[in-house]
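Read the single chain below, which is given as structure tokens and is the form predicted alone.
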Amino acid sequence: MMSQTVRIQNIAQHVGQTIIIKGWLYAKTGKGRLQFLQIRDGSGIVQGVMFKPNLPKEVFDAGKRLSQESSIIVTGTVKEDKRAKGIPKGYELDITDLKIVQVAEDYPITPKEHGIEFLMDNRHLWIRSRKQWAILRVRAVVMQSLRQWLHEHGYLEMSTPIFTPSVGEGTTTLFKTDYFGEPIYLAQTGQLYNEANIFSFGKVYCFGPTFRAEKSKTRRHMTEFWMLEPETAYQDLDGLMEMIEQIVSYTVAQCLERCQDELEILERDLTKLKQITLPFPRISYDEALEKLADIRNNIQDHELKKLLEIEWGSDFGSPHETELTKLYDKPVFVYGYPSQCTAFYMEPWDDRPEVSKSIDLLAPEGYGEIVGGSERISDPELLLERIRHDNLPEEAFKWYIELRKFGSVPHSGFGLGLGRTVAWICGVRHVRETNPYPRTLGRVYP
């Protein structure tokens, strides 16, 4: 009977059986008659044991000369061993045969400390390391979970353009390019097109790359990042916040259930993630300013005191968001930002036109804004007024204004930054590690 090729993540189902694993050598230890091979196949890592008396000489010698990241096909019997520290834990492979596909050259990433620039230059190799592997697997589960919640709640995934003549989030962060002699921009958001889509489908979302030409080197920013953007007809601000807290708490719960090994590798404090239950606290922008004033009055650090200075009408920066989130053990909604610091399409508050029906969701532990959203302006005249106020090109928004002339309804939506959300769930301090190949200020390689 021929041995079956098995993925390491499924190894528990094959105890006592002889199987084949196709993968790469992650690490190797041992001496004399015993060699211990850490074998990875993309789904997990298992220790393979080579015992010289049980193997043909040529097979044992081949195993001894293997270098890190050599590609190999290994045959062996699965054994249960509670001491084994693989992924998943508790299993090892008693090797009976080994075929070398390629002996790798000297691998540039070693167990010694490497600088971040070196690691980013070698990102195509760095993603093979245990921590980076774990982060990117959590990212995949986050993406699957977000989509799953939306599908279960009747949302249709739509594809929105990458090239667009329209401004979504402000003219200062646009990547401009030539489109057959006409200026055009890389999309900052798919939102405007999804606002058209809801009048056909009611509940939609897009999920893909967006682009911001922000000259920022902070740990929260990339120039190309993925964003989830649902849009819903007949939804007000309260409904929007309820939807956001449901989808975020669902996604965290899925990661806790499905990514136990990955979160352990990342040494994530799971008690903090287990606190992410409904409902999330909500405070107004005005209340947030009061809380920041109290914080400033009770700290001795003069530099931080200065950073926390803010006037009504200004948007929050990272220091403000960080200090606010220290007051909560869950994500917190801040709603009702001044219209002067929000996008042109946000509905003003009924009795306070200087305030928009906008929200940010700030993640705890200093991760800051992971979601931003609002009710959208549904009156065509008010929308045109805001476009003119912000000196935006009216012609480019002709189609967008027309949406309000043919069956306009109250509607709302949000954008969830995938990188920041993954960073928070993983406990990673910089968003560049949450993207397989991050694009940041000054870096487009590899």
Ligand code: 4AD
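So that there is no doubt, residue numbering starts at 1 and follows the sequence shown. If you're wondering where the values come from, they're calculated on a predicted model, not measured in any experiment.
Note that the form predicted together with the ligand isn't included here; everything after this is about it.
Mapping the unseen interface onto this chain, residue 345 counts among the residues with a heavy atom inside 4.5 Å of the ligand in the model of the complex.
For residue 187, no non-hydrogen atom is located within 4.5 Å of the ligand in the model of the complex, even though that partner is not displayed. Among heavy atoms of residue 139, none comes within 4.5 Å of the ligand in the model of the complex. Proximity of residue 415 to the ligand in the model of the complex: non-hydrogen atoms within 4.5 Å are present. Distance criterion of 4.5 Å from any heavy atom to the ligand in the model of the complex singles out 371 from the list 93, 255, 371, 135.
Only one of 74, 198, 276, 227 lies close to the ligand in the model of the complex, with a heavy atom inside 4.5 Å, and it is 227. Annotated contacts: 114, 123 and 268 are all free of the ligand in the model of the complex [non-hydrogen atom within 4.5 angstroms]. Annotated contact segment (heavy atom within 4.5 Å of the ligand in the model of the complex): 406 to 414, selected among 406 to 414, 54 to 62, 24 to 32, 393 to 401. Contact annotation for 203 to 222: residues with any non-hydrogen atom within 4.5 angstroms of the ligand in the model of the complex are 212, 214, 220, 221, 222, listed in sequence order.
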